[in-house]
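Single chain ahead, by itself, as structure tokens, in the form predicted on its own.
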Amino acid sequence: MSDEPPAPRVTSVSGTGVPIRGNDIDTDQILPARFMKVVTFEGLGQYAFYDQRVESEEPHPLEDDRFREGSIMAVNANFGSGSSREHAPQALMRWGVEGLIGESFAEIFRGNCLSLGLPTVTADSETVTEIQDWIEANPDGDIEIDVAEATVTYGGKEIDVEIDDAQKRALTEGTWDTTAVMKANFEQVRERAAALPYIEDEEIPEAR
């Protein structure tokens, strides 16, 4: 592998915030199943929280002009539970979300976020509520997730947050994109494929 990382290093992300309150927000709320009938992930952003944004009488933060451009999402406990659909974080990323701060995340959802280069950091309930309150009071205020230092900065305040060691390493070293890692190690992949008895030589690509 060259000195250049396979994928861009994600050491920090920043932007204005968007508060999504409530525990156990599952992937079907984030992206309803009927919008999964797609060949690619392009355009999924328009369906993020579709039922709550468009079909519910309750106003949703993503439909609020104050938070529409927010890229740092502050959520509560067990966010992303339910199915393993990778379409959910794909929809959030394509809406414009670049990182999430939450009380806790469903494990598969967190893994799917990592595969897109989206940091998911955690803090206790009181801290997350304070961040959500601050975002609502300061919709134009920047909030930053520093992945390398495991901190969140907002309103002149810096707090420590938790980030999984493997996630932190993958993001800061630029190895979060497994496809990019395989391309960066193309010759080793070719050698391994050639050693497998069920792969014919003509099935092994000559170039990336």
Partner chain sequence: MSEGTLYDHVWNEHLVETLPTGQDQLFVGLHLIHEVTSPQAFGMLRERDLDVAFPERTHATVDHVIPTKDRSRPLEDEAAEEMLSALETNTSEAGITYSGPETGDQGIAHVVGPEQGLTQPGMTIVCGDSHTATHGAFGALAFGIGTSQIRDVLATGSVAAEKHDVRRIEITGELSEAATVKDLVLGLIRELGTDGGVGYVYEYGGPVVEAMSMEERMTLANMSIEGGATAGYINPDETTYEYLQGRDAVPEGEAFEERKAYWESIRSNPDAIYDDVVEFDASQIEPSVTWGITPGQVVGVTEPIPAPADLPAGQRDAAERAYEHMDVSPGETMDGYGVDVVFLGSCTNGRLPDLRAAAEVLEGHEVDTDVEALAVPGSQRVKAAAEAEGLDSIFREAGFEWRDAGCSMCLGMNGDRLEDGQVSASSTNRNFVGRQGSKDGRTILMSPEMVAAAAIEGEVTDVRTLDQ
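Residue numbers count along the first chain shown, from 1. Between two forms, the rigid core is the largest collection of C-alphas that superpose within 1.5 Å. Only a predicted model underlies this, so the values are computations on that prediction, with no experimental measurement involved.
Only in words, not in the display: the form predicted in complex with its partner chain, which the text now covers.
Problem set entry | Output flag, 41, 181 and 204 jointly within 4.5 Å of its partner chain in the predicted bound form, heavy atom basis | Yes, all three are in contact.
For this session: Consider residue 95 of the chain shown here, and say whether it contacts its partner chain in the predicted bound form, taking contact as heavy atoms within 4.5 Å.
Result: The answer is no: residue 95 has no heavy atom within 4.5 Å of its partner chain.
For this session: Determine whether any heavy atom of residue 124 comes within 4.5 Å of a heavy atom of its partner chain in the predicted bound form, and answer yes or no.
Result: Residue 124: no contact with its partner chain in the predicted bound form.
Exercise. Taking 4.5 angstroms as the cut-off for heavy atoms, does residue 151 touch its partner chain in the predicted bound form?
Worked result: Residue 151 lies outside the contact set for its partner chain.
For this session: Flag residue 114 as yes or no: does it have a non-hydrogen atom within 4.5 angstroms of any non-hydrogen atom of its partner chain in the predicted bound form?
Result: Although its partner chain is absent here, residue 114 would touch it in the predicted bound form, with heavy atoms inside 4.5 Å.
Exercise. Which residues, if any, of 84 to 118 lie within 4.5 Å of its partner chain in the predicted bound form when only heavy atoms count?
Worked result: Those in contact are 84, 85, 86, 87, 104, 105, 107, 108, 110, 112, 114, 115, 116.
Exercise. After a core superposition, would you say residue 169 shifts its C-alpha by at least 2 Å between the shown form and the other one?
Worked result: No: residue 169 shifts by under 2 Å between the shown form and the other one.
Problem set entry | C-alpha of residue 200 off by 2 Å or more between the shown form and the other one on rigid core | After core superposition, the displacement of the residue 200 C-alpha between the shown form and the other one reaches the 2 Å mark, so yes.
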